[in-house]
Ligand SMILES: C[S@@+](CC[C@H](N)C(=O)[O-])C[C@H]1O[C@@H](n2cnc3c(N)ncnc32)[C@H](O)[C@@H]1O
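Heads up, the chain below is alone and in the form predicted on its own; it's given as structure tokens.
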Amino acid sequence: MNKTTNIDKKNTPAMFDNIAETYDKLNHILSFGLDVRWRRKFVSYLNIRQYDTIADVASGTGDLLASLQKLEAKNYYAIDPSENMLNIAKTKVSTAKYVAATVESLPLASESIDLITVSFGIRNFESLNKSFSEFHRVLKTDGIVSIMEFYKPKFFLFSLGFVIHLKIFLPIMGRIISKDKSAYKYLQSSIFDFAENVDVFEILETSNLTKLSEKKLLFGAVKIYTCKKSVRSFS
């Protein structure tokens, strides 16, 4: 288990408000520009049907939201607890409906969403069980939830590179670019803790979301988990 930081998940909205202006720049540098390719792949995997309404949860500064426009849904929601992040997202996509809210209590009607997406955000959810139950509630029957998140590769050399990148490169660049040492120390810790301890599909399935596919990017350092709501909720 990794050491914890002095920022807990209840305080992450304020943390992301503080680093919003430098968030995109640092993401591109830390991923060596691969984040653009990852989002492109993510959206391509979802281009299997027509969606009426898409909710991008933990939408942040809207990079994935912008890529999701290729799916040509009628309605888009961008949901994130950080208002500063959403303000930046609005400059990228002007037609979405922006909502500052936590995922544990989504301000969406039951059975109103065709597709829920989350990109590198679930490790910041305060409660995965509550969040995934909310996903089940707002999804239409046969609706899809797709999640992209970091994962520790199994192969030794790739796993070693993953650790070195997070322990050395991330905090150095975070300190230089964002000037917020504690924020990127938290991000480092949250990635390690999630990658080593969370079985995403196991928790999704306890919320009656059925596995459709699992994709691996960057030798398994990034995973895409896709599930479907196959049972109508009567709650």
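The numbering used is simple: start at 1 and walk along the sequence shown. All figures in this text were calculated on a predicted structure; none of them were measured in a lab.
Beyond what is shown, the protein has a form predicted together with this ligand; the following relates to that form.
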property	result
Contact of residue 123 with this ligand in the predicted complex (heavy atom, 4.5 Å)	yes
Interface membership of residue 73, this ligand in the predicted complex, 4.5 Å heavy atom rule	no
Partner contact for residue 13 in the predicted complex: this ligand, 4.5 angstroms, heavy atom	yes
Contact test in the predicted complex: residue 111 vs this ligand, heavy atoms, 4.5 Å	no
Single option in 144, 85, 93, 138 placed near this ligand in the predicted complex, where near means a heavy atom within 4.5 Å	85
One residue of 68, 58, 209, 55 in contact with this ligand, assessed in the predicted complex (non-hydrogen atom, 4.5 angstroms)	58
This ligand in the predicted complex - contacting residues of 131-150, heavy atom within 4.5 Å	none
